[in-house]
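Only one chain is included here, represented as structure tokens and corresponding to the form predicted on its own.
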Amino acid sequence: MSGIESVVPTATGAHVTVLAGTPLHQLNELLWARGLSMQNLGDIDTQSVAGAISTGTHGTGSAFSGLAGLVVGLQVVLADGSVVDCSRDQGPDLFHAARLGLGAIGILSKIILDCPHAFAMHAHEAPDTLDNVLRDLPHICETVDHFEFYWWPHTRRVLTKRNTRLPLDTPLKPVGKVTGYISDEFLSNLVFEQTSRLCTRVPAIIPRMNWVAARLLSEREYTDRSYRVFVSSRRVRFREMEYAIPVDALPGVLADLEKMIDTSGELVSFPVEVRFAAADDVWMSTANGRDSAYIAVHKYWRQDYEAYFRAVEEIAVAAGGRPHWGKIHWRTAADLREVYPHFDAFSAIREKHDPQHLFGNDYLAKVLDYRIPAEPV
């Protein structure tokens, strides 16, 4: 179930039919060889295409949607064994439900993606302060194609990442092997792993370690193929929760988060990641109907995370937040229905195409009021 089946040229690129099990890192190479790119990507590329769109994987960029928003057609294997093609014009309700279906609608077998012509991208990473970023945020989001930042709790320091799309014929100046190893492998993975272990054994040093880490950040710029700039190497294990909130709510949510950390005594060694996405019309997308900011919090996998994550969730919920479907959260169908305008429409399509709840599991039972089959089928 891997590979590209067909490419149909369009004015802006092509509609590419991809077998649903294709890993994103393989798809990026296959597209580039055909003069195409993904419109946007997250910083992880190990997922299958089906898994990435079904759980709401997104990148960053105020003018760009998550990966499900790039889907223009699907082939779905339904619970009765039938194989159905759908799009906005052909079976639109099934299409709207299945392109971010949480595995509840059916099994995706083929996905048609709207892919632009291949493009290069210039990356500019630089340290800054949280106050500066929040003050200039509207202008930054309007003028930078793909913007994100990382805030170190217990400090007011951030690392900003500004990625700018460039024509394909732009000369590439990728990160050098030595520089890349020192920054992306040695510091970001090897050293961070060791400091995370140390902070787990001696939590009291976390604020000081964050202060040191934030001041060791250095500025760098490079230009490379788009997907090589989007994706980062992540080898330190962690647990994560991420919430989508209205963009306008971001400053207040970060202020409440900082206050909670300072007053609760919670010690947080991982930076808080903030990204952005344009509103879309995907029924179960975290950005459905509203421009969104994403706040992702992490804990090293050897550390207890529940108290911290629950406190962050309480803050995000108060701001109308929607949890990332593929990450830790404690929301249930009862309150998720309130923040998803198309929740009942999605449920109706699920009932229509899987009345026996063949695809039920514990997670879906929680978030969709989904019954689990009494016996294996």
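A residue's number is simply how far along the shown sequence it sits, counting from 1. Note that the structure is predicted; figures quoted are calculated from it, not measured.
The discussion below concerns the form predicted together with a small molecule, not included here.
The candidate stretches are 308-316, 57-65, 31-39, 328-336, and the one lying within 4.5 Å of the small molecule in the predicted complex by heavy atoms is 57-65. Here is the short version: of 174, 116, 127, 103, the single residue with a heavy atom within 4.5 Å of the small molecule in the predicted complex is 103. 275 is the sole member of 96, 275, 299, 161 with a non-hydrogen atom lying within 4.5 angstroms of the small molecule in the predicted complex.
Contact check for 47, 234 and 238: all three have a heavy atom within 4.5 Å of the small molecule in the predicted complex. Put simply, residue 70 is far from the small molecule in the predicted complex: not one heavy atom of it is within 4.5 Å. The shortest heavy atom separation between residue 191 and the small molecule in the predicted complex exceeds 4.5 Å. In the predicted complex, the small molecule sits within 4.5 Å of a heavy atom of residue 108. Under a 4.5 angstroms non-hydrogen atom cutoff, the small molecule in the predicted complex has residue 324 among its neighbouring residues.
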